[in-house]
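So this first bit is one chain, no partners, the form predicted on its own, shown in C-alpha cells.
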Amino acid sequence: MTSAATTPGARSEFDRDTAVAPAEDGSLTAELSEKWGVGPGLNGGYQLAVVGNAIRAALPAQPDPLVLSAYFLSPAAPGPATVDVTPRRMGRTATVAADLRQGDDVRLTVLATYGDLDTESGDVHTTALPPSLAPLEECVPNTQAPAELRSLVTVMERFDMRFDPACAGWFAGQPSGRGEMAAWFRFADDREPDPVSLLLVLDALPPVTFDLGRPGWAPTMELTAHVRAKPAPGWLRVRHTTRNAAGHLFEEDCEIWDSADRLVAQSRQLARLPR
C-alpha cells in the first residue's frame, strides 16, 4: 500500500485535470490535459468526467450523475475547452444537455440526469454477482503491460490496475479469446472514488478487444452510463465484456463494484473495432 488516500474534492491529479471554471457567457471552461491521452487523442472516460464535473458545477442541488448518454463526435486534444450546460427538466432530479467544445468543434455531446445520491438509502439490490478476481498479490499490474502500449496510452500511468491472470494473457500476446477484461482499480495517487470519477473508470481499462487478439485504439461512438450509488472507499473491481462484433463495431459492457461488494456503476458503449 502507498501513503494515505486522497479524498474526493482534494486537489488530486484527477481533480486538477477535470476542474472547470465559470465564464462570462455562462459556459464553463476547462483545460484538457495530455496526461490522459490515448495515442494522439484523449481518453473518452476522461472527457466524460470533465463534462460530468461541469454539470455538477451547474447543478449544486443535484450533484451526482445518475444516467448519462454520450456521443463522441470528434477527437479531443489537449488544451482549452468549453462546456455548455442547458437545462431540459428541473425537479427532484435534473435533466440537462451538455456539449464539450474546442473552438468551433463539438467533441462530445451528452444528455444527463443528475440527482442527490445522499437522499437514497445507499443499498444496491441486485441479482448480479461481483467478478471473481484473484487476490491483489496474484494479479498482474499495469506496469507490466507492453512498453509500446504504455508509451502510447499515457492515461494508464494515472491508474493502479491489477489484472486478473485469466484476463491478462494479452500482455504476452496470448489473449484468451473470451472477450473479457477484469481488474482491481484505483487512482495512482490513491484518490478515493466518487460518482463523477466513476464516469472515467467506466472507460479506463484497455479495450476488451485486446482479449480477442485485436489490440489497438477502439474509439467510442456512444456510451451510456448508470451510477447506482456512492462508492465506498478502497479498491474498485472493474469488469468489461463483449459478445458481439459486427459491421466493424463492437459493444462493451462494464460493471464497477466497490469495496463493500456493491454494483455502483454500469455502462454499455458501442465502439469501432481496432484496425
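Counting begins at 1, following the sequence as shown. Predicted, not measured: the structure shown is a model, and the values here were computed from it.
What comes next is about the form predicted in complex with a further copy of the same chain, which is not displayed.
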Per contact check vs a further copy of the same chain in the predicted bound form (non-hydrogen atom within 4.5 angstroms), the hit among 68-76, 192-200, 149-157, 134-142 is 68-76
Checking a candidate spot here: are 92, 106 and 120 all in contact with a further copy of the same chain in the predicted bound form (at least one heavy atom each within 4.5 Å)? yes
Distance check, residue 181 to a further copy of the same chain in the predicted bound form, heavy atom within 4.5 Å: no
Would you please decide whether residue 102 lies within 4.5 angstroms of a further copy of the same chain in the predicted bound form, comparing each non-hydrogen atom pair? no
Is the gap between residue 263 and a further copy of the same chain in the predicted bound form 4.5 Å or less for some heavy atom pair? yes
Test of understanding: in the predicted bound form, would residue 12 fall inside 4.5 Å of a further copy of the same chain by heavy atoms? no
Contact residue in the predicted bound form, from 85, 112, 81, 161 (heavy atom within 4.5 Å of a further copy of the same chain): 112
Heavy atom within 4.5 Å of a further copy of the same chain in the predicted bound form - qualifying residues of 219-251: 221, 222, 224, 226, 228, 242, 243, 244, 245, 246, 247, 248, 249, 250, 251
